[in-house]
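Heads up, the chain below is alone and in the form predicted on its own; it's given as structure tokens.
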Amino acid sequence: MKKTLLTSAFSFALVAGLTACGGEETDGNGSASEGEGAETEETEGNDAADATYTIEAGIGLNNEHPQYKGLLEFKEIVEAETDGDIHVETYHSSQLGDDREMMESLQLNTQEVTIPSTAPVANFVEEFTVFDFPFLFPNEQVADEVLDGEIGDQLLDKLEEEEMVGLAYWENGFRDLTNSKRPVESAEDFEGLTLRTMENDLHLDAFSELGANPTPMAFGELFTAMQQGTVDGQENPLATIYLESFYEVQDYYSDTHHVYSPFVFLMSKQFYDGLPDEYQTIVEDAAVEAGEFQREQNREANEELLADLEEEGMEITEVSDEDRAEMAEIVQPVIDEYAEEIGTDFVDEVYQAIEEAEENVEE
């Protein structure tokens, strides 16, 4: 079903768009933040009243995140290609609900589009749990190859049984570690750290195996918990770490890259099936094209934001490939356990696809 810049002003826009440092945002697991109303940004000549179809598209992250920039790109493409016959209304900051609530709305055909990370998607299609495996992807390019290939398509196809259509993969990014105690460079440095994690059993088990004390906690409570010392640190993609001003209560950042988290572009199956064939193709192509744009935005943002964290006073630790491999070896029993639950044949297919993608990327 799939087919195949930032300037320095971006950093200023990120800061200007933030609410107070205690404000909430999603970490890709559907935690809410205060919204500012729907962002529609009409294209010229396109009025909702003149459209035959309306897409309500909602995400959990705020309107300064690269994910929302990608959603606006999708809106622009679809409205232009259909001459305004499809109107796209965009909502950020969990205005339409958290990730699970929005996916359930897609199933009921009361919302048309959402773009959650794969962790909540696994509640509907178990095989998506594979993307929670620690140290699965070595880099973004290999992730692109696998997600945009046969394995990615295979998983997207499974969503139709859940009354959702998967059109493309976007990027949340590698999850990294911050804390207020010490630099984390090796597996031994996790020992005794109290880390907030998502309410995800696989993540909890993996951090426990590394010697940390993982603590599941609502994202909206995290800033205060770090500020008060209830937890020592947390793990999230770089953009979230910066947007939430975690540098104000965290001293150390480590590029552990322990999990790569994709976004999944989802559409209500009932809505999709009701579109003319020509419009189905347009929304499919737009989801892919906007996803390529969003990935580029996310990666360019990461390059700038890492330097910005350092300017804000955080100590940046680069984890070596050898230390990362040691971490991966330690959590392998956890991976083996969950592979049994998902299905070892499927997991073997995923790892085989990763090996082939690595060869292709190296070429």
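What we label the rigid core is the largest C-alpha set whose atoms superpose within 1.5 Å from one form to the other. All values reported here derive from a predicted model rather than from experimental measurement. One rule holds for the numbers: they count along the sequence shown, beginning at 1.
Same protein, other form: the form predicted together with D-xylonic acid (TK8), not shown, and the subject of what follows.
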Pocket accessibility when D-xylonic acid (TK8), as posed in the model of the complex, is superimposed onto this form, judged at 2.4 Å from backbone or C-beta: blocked
Proximity of W170 to D-xylonic acid (TK8) in the model of the complex, heavy atoms at 4.5 Å: no
4.5 Å heavy atom contact, A301 and D-xylonic acid (TK8) in the model of the complex: no
Residue contact check: F263 to D-xylonic acid (TK8) in the model of the complex, 4.5 Å heavy atom: yes
Contact test in the model of the complex: F219 vs D-xylonic acid (TK8), heavy atoms, 4.5 Å: yes
Partner-facing stretch of 208-216, 172-180, 72-80, 143-151, counted where any non-hydrogen atom is within 4.5 angstroms of D-xylonic acid (TK8) in the model of the complex: 172-180
Among the candidates M198, V113, V184, V88, the residue which, in the model of the complex, approaches D-xylonic acid (TK8) to within 4.5 Å (heavy atoms): M198
Interface residue in the model of the complex among V319, I55, L61, I335, criterion: non-hydrogen atom within 4.5 angstroms of D-xylonic acid (TK8): L61
Sequence-ordered residues of 74-100 touching D-xylonic acid (TK8) in the model of the complex, heavy atom within 4.5 Å: D99
C-alpha of L96 moved at least 2 Å between the shown form and the other one on rigid core: no
Core superposition between the shown form and the other one, C-alpha change of H87 at least 2 Å: no
E244 C-alpha relocation of at least 2 Å between the shown form and the other one, rigid core basis: yes
